[in-house]
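Below you will find one chain, with nothing else, as structure tokens; this is the form predicted on its own, and questions on how it binds or moves follow later.
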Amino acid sequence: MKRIYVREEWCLGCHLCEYYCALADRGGKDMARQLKGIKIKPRIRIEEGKEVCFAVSCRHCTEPLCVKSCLTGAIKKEGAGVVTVDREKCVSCYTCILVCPYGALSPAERGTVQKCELCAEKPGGPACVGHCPNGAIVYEE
């Protein structure tokens, strides 16, 4: 299965991946108009250290703890291996956030949880990968 990987040594910490992720989630092509005046809640986030920066996103684990811990069955692993969240079923208990060893899930704007779903419904693949200026984020096997 293809997954998003981050080459930490190439990450500049520019946060563009976060903005393009938020833009892909909201739809539209004009970032300035779509994101102006709002606090973005991207499904990928940059962690900055003294020596290294890296992006945190869902790893679509082989045996995801978030799926096993979901009380309502809102988090599922689809046929292609992509772990998704059904926002209609999510009751915002946040158990999945607590069990994820990578810190990849977060509260969404609408009270449910959100995570990277590899822009599965978007043409062209994950937005963060296509817009990383340094090629630090890759989408590969």
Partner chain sequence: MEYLIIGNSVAAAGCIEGIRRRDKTGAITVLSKENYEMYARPLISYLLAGKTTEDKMRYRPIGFYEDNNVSLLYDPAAAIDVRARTVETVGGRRLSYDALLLATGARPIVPPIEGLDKVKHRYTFLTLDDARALGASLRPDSRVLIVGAGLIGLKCAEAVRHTCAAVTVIDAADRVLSSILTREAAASVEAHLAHNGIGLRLNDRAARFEGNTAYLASGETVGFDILVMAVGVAPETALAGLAGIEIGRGIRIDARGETSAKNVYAAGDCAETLDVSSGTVKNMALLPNAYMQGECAGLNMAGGRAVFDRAIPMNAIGFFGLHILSAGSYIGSTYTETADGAYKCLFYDENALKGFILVGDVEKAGIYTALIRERTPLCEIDFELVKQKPSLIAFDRAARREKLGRAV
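Positions refer to the first chain, counted from 1. These numbers come from a predicted model, not from an experiment.
We do not show the form predicted together with its partner chain, though everything after this point is about it.
Contact with its partner chain in the predicted bound form, defined as a heavy atom within 4.5 Å, holds for exactly one of G111, G79, G73, G28, namely G73. Every residue in the set E47, V91 and P101 has a non-hydrogen atom no more than 4.5 Å from its partner chain in the predicted bound form. For Y5, a non-hydrogen atom is located within 4.5 Å of its partner chain in the predicted bound form, even though that partner is not displayed. Among heavy atoms of L35, none comes within 4.5 Å of its partner chain in the predicted bound form. Among residues of the shown chain, C61 is one whose heavy atoms approach its partner chain to within 4.5 Å in the predicted bound form. Although the partner is absent here, T84 is not a contact residue: none of its heavy atoms lies within 4.5 angstroms of its partner chain in the predicted bound form.
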